[in-house]
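So this first bit is one chain, no partners, the form predicted alone, shown in structure tokens.
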């Protein structure tokens, strides 16, 4: 197995590093040469100067990019992944995109004689660095089984959930659940602070009961300390929720809480918090008044 890894961003940089440490023959490419050079210096593998150069001998190509347009351009453009990798290859897309894009890329891959797996991840930067991500995958069973050694390099949980598109739909479920949990946690912390409680003590006791969650265990303390300069950015969550709400509209599925939380994230962006962690929903609550959102008033 020869692997090419494209996209050395916040997630891809450590993920590619785990593949390298696993002893799997690897080539890498990043559109920003500076980041590729930094990765090469750390892991001792020369970065390719082009997409075509990175994938020309790879039978598995892993991409970890930003949004639909990024994936489409890297995979299907002239001298892109599909055109440049040897026939019969498998492409794993760890980007979070629309399910429609995943199905489009599967069709394009098939035209070139390749197979495509949509495989968004959960676990954030910390999970990528520790090699303990969760992968939700869509694609044919045979292709998924073939790439499990690659997934095992940076994920502790990985599962095929159905045909192509299933991975992105599962990631949408993931983001819906996270958005609701974070809003509930933010409101609980805000209520307790306004009521004059020692919220560190409150969180300590309720985290042992039914209110416990990953978000409470990992974000409550930083939220109470007004620390948001880390983690999964609000801008990226809004991008993901956009995919969720678009898919819900197409399927005529009602998601009232998700739509509301998306609006609250808009308020955080209006406050200048687009690059802060998704737990910064608390800032929108602290910025609220009896008459409405200050963020909205500032934009009138």
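Residue numbers count along the first chain shown, from 1. Because the structure is a prediction, the values reported are computed rather than measured.
Keep in mind that the form predicted together with another copy of the chain is missing from the display, and what follows is about it.
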(request) Name the single residue among 153, 170, 74, 92 that comes within 4.5 Å of another copy of the chain in the model of the complex, judging by heavy atoms. (result) 170
(message) Please identify the residue among 111, 142, 229, 204 with any heavy atom within 4.5 Å of another copy of the chain in the model of the complex.
(response) 204
(request) Have a look at 80 to 88, 144 to 152, 204 to 212, 221 to 229 and name the one stretch with heavy atoms inside 4.5 Å of another copy of the chain in the model of the complex. (result) 204 to 212
(message) With a cut-off of 4.5 Å between heavy atoms, is residue 275 one of the residues that contacts another copy of the chain in the model of the complex?
(response) no
(message) in the model of the complex, is there a heavy atom of another copy of the chain that lies within 4.5 Å of any heavy atom of residue 33, even though the partner is absent here?
(response) no
(message) Under a 4.5 Å heavy atom criterion, is residue 126 part of the interface with another copy of the chain in the model of the complex?
(response) no
(message) My question is simply whether residue 244 lines the interface with another copy of the chain in the model of the complex - judged by any non-hydrogen atom within 4.5 Å.
(response) yes
(request) Give, in sequence order, every residue of 66 to 88 that has a heavy atom within 4.5 Å of another copy of the chain in the model of the complex, or say none if there are no such residues. (result) none
